[in-house]
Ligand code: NBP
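Let's start with one chain on its own, the form predicted alone, as structure tokens.
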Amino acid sequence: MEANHDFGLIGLGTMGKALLLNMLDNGNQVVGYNRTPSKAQAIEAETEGRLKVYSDMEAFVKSIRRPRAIMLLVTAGAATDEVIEGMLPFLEPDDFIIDGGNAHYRDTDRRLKDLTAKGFGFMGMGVSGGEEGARRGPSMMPGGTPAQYDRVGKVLESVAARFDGAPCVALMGHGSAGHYVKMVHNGIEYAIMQAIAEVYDVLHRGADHGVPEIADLFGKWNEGELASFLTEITHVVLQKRDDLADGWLVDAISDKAKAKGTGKWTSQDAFDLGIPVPAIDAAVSARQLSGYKALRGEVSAVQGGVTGVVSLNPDVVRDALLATMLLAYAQGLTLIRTASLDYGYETNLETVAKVWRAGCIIRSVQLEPIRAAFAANPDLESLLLDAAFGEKVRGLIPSLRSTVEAAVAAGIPAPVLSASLAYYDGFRSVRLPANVIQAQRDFFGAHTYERLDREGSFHAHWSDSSGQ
């Protein structure tokens, strides 16, 4: 069999099929695999024979030129391992697999170690943009070696989203860097989505604005500094009328949000690394709390609901949302920086911001100035230390503070808006009350404490305190 394909893809579901067709349309010699012959034949027919789709794994693998590059877009976890095991008998040394699913980065580390020991390569690659992005241009975040990227870079760059002509795909660093960056991307996505929902809630229940009025606001906001994919789709979804009943569809949708785990993974790893990402943490908790709909109904019947209607200037709310969005980026990028140092990724944060500028779910006009900040200072520990970014956030904070105050006054939960404000206030505080915590820990556990005026660890005999 002649090996005349440059790239293979397994997992021709919604995203996999869209991405493979994108590759085909951009002049790449690609081949697909689907274990069900009838489905394979149907996809071939759809492309009028331009695309070959195998249902025989051995034939599929042997049709790709060496070193073979084979991408998986299958369900993360056991399903990915099963596909890899089924492919191994047909691979040869230096062939490598690209996992484009939402895998946990530790699974990527494990697979990389196992496959390397067997003489094969492995890349973990985050893909963002959904079905439409896969078909028209996703943002892609591969991790691996430069040699591996050289082998597949031409194909990936041909289908990636573009910002000012530059493809939104680049090597994120060594090992599992690609899946780690995608995990944090999703954590930031959680925070921004929840912040948008909170702004909607404050305007709707708190300030008594109707759904059409809020939709118009998001439409206007998307023409300015809040221009982003998530702002844009919020404008769209709030305009949708209900096909099954009178009114707006958003009012008929259940207020129980599901999650696939990447936000939780981001919070978990941030805790392990000791990096505060309170906006992401709050967003994860908010989704979890939303699941308790029945219990919330019971508690509301006992405790009461919204306290009252508040007066809010929509421009103030807009600036509060922008501040929260910027602080979400700041938290996520600081986490990536720390993970890169601890895990040896050597991730370039300017490159991360470049890849996020188009194609992905968290794309926004704010990512270009963020890219510029890291271009000016690649070692920037926090975006709040960048002069332009810090000045912008500082100017928006009064609006964030006013919006949080209004939400509290109305009895409306705004966990991400509040956590973002606390994050900002915490980092601008020269002194925090952790001195009291140090004293408490030393009192009940003799854990010692540190002093401001001299080096070393100290322990106090607290029982000697007179209490006067």
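Bear in mind the structure is a predicted one, so any value in this text is a computation, not a measurement. All residue numbers are counted from 1 along the displayed sequence. Only the largest set of C-alpha atoms that superpose within 1.5 Å between the two forms is called the rigid core.
From this point on, the text means the form predicted in complex with this ligand, which you will not see here.
- Using a 4.5 Å cut-off to this ligand in the model of the complex, each of K39, L73 and V127 places a heavy atom inside that distance.
- This chain is displayed without this ligand, yet in the model of the complex the stretch 30-38 from 401-409, 30-38, 419-427, 435-443 comes within 4.5 Å of it by heavy atoms.
- Contact check for V152: no non-hydrogen atom falls within 4.5 Å of this ligand in the model of the complex.
- Taking the partner from the other structure, this ligand in the model of the complex has no heavy atom within 4.5 Å of any heavy atom of A252.
- Within 4.5 Å of any heavy atom of this ligand in the model of the complex lies no heavy atom of D272.
- Proximity of L289 to this ligand in the model of the complex falls outside the 4.5 Å heavy atom cutoff.
- When this ligand is considered in the model of the complex, only one residue from G173, G101, G206, G263 comes within 4.5 Å through any heavy atom, namely G101.
- Between the options E368, D315, E82, E213, the residue in contact with this ligand in the model of the complex by a heavy atom within 4.5 angstroms is E82.
- Taking this ligand as it sits in the model of the complex, the stretch 173-201 comes within 4.5 angstroms of it through a non-hydrogen atom at just one residue, K182.
- Core-superposed comparison between the shown form and the other one: the Cα of G426 travels less than 2 Å.
- With the core held fixed, A410 shows a CA shift below 2 Å between the shown form and the other one.
- Relative to the superposed core, N26 undergoes a C-alpha shift smaller than 2 Å between the shown form and the other one.
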